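The chain that follows stands alone, in the form predicted alone, written as structure tokens.
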Amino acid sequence: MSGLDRAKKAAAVAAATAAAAATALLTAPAAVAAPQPIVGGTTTTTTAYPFVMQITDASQKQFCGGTLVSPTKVVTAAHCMVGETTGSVRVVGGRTYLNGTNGTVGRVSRIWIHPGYTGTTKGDDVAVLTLSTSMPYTPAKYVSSSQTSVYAAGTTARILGWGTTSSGGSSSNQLRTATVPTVSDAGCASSYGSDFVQSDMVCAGKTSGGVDTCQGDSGGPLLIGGVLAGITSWGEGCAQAGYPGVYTRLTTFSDLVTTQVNS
């Protein structure tokens, strides 16, 4: 089984190639469920979550999320940054609405992608951006390498993002949030088989589906107890029963992140 990452660019590429593939699609199997928003959630603001950042292109078009962990460092997903350069991305803080003009637009001076990253279902899906100037917002605390117990099955976790709002539709203009329970490693392995790398990933979502992250939410935070514990990474479809969202298990990478934060 191959999973789908949750970067908005993945959805954009799929749309761009749809016309060329029309003939093949006539005989192709049914596709997985189309992108949904942070399903079952509610709108919120960057005032409530000041550390939630938009990752945008140079024109400030959002395609991923990120979490401010120090005034000049943002944690996001490796798959969001593959193929990007310091000149091609911006980080926008303090902007609740995608069509807003408020907040702070930060330029990126360095992109660190985990050197082991080769694909979302292989693990190592973590990146750290260094900003050219400080963001004037309160950073999030993040888990240490020893806090592995935070992922105990059934623990309430919070997800945030600007994911797409309908099948083939546009993004949620306003930041959204929802809560989902963490899933046991055995349960996640049952859903995803060998694509679930236990050391690097944690699953969160309801067995019945209905609440999840999706395209455009990649790189954004999974918070447990108000602390950054995961990074939105991938999943099979969005909000499907039996297929919880998959997040980077940040305890595994906490020491590496700290090295980047201190660099």
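One-based numbering along the sequence shown. Predicted, not measured: the structure shown is a model, and the values here were computed from it.
We do not show the form predicted in complex with a small molecule, though everything after this point is about it.
Exactly one listed residue, out of A229, C203, V52, C238, brings a non-hydrogen atom to within 4.5 Å of the small molecule in the predicted bound form: C238. Stretch 216 to 224 is the answer when you ask which of 193 to 201, 53 to 61, 40 to 48, 216 to 224 has residues with heavy atoms within 4.5 Å of the small molecule in the predicted bound form. Using a 4.5 angstroms limit between non-hydrogen atoms, H79 touches the small molecule in the predicted bound form.
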